[in-house]
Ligand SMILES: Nc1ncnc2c1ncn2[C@@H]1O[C@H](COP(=O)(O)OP(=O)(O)OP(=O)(O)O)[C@@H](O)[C@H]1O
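Presented as structure tokens, the chain that follows is alone, the form predicted on its own.
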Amino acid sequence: MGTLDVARVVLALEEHDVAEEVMHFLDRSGRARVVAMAGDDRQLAEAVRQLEPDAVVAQPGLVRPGALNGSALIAIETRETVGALRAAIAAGARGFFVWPAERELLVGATAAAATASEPGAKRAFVVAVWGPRGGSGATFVATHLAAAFARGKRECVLVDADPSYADVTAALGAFPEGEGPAPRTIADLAPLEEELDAARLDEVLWTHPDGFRVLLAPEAPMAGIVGPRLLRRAIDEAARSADVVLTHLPRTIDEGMRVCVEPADRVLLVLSLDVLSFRAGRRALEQMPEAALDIVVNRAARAEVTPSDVVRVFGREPIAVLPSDARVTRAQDHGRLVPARSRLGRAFDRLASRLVEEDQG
């Protein structure tokens, strides 16, 4: 199995103290390594010419035309201004980040510039599931879609990236009632964050009876030790060994949520057919314009709001319409999934197949 290289970075900032902070942070991430530092445009151009880095992390004003030589530009500033944003766009930057507020996002964008160390290195198809309004059914969609991928003979890892609520645990009945050891969770990986790899991740994954594996969120007292960096590292390591990684996103758009969206090939926005869900979906699209969002309608039934209204409001067809089923509530109350041969089970099989076919096509 191939592995992914750590991104080789040339760092260019005029302020030496800030440059030192950024360098140490990138190096400690384990996903990027600063191979040279530059304090002006001449030094930057020479370092890029000699070292051919994967990425240049720089103030956009230091980038000469033609100086990147094929390297990805990640723009960085200590404050956001219109002038800096325009300079970043003019220089062809892949992203613009404010230091230190957006440092986790900076690492993600920089790491994405790394190239595979071996031809054909494996990387999973990464799908994020997001319900911007509580009760829309994001947990339901994530868990049942994981089961559908497993039925399709694809090795699937479901990551619960919402440690504040840990809804996936309850939906799957993962914690035993009464005596018996509780399964391990992402909190068990916190002391190993710097050394986290696919083998260590595999040790804490919980296996569902339907064949997919789950990185569970911890119980409430331990939720605070699960930060954005650990979540992103876990997603990246899962993607090295699985066929599909499903990420169950938190509702709130914050740094942790954005870090988990960044590696996703597709983001499924889960809506129910009501005005409040549509309103939340519109706000989500406005705040996440960069994400490749697809709409999934959940619990479709006869109502004033219909699936056809999705096209009118959002300007796009839903990728799937999941029918309402009275058995869902009882199944969820008992930590079970609906049967694979039910109407809903077949709908999830079709959604899983469509996602894979579009990814491969």
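Residue numbers here begin at 1 and follow the sequence given. The model shown is predicted, which means the values in this text are computed figures rather than measured ones.
The same protein also has a form predicted in complex with the named molecule, omitted here; what follows describes it.
Stretch 137 to 145 is the contacting one of 137 to 145, 101 to 109, 82 to 90, 188 to 196, since its residues have non-hydrogen atoms within 4.5 Å of the named molecule in the predicted complex.
The putative spot formed by 8, 69 and 71 is not touched by the named molecule in the predicted complex; no residue has a non-hydrogen atom within 4.5 angstroms of it. This chain is drawn without the named molecule; in the predicted complex, the residue among 313, 37, 45, 328 with a heavy atom within 4.5 Å of it is 328. Looking at residue 308, you'd find every heavy atom of it more than 4.5 angstroms from the named molecule in the predicted complex.
Not displayed here, the named molecule is kept clear of residue 50 by more than 4.5 Å at the level of heavy atoms in the predicted complex.
Within 4.5 Å of some heavy atom of the named molecule in the predicted complex lies at least one heavy atom of residue 298. Contact check for residue 167: a non-hydrogen atom falls within 4.5 Å of the named molecule in the predicted complex.
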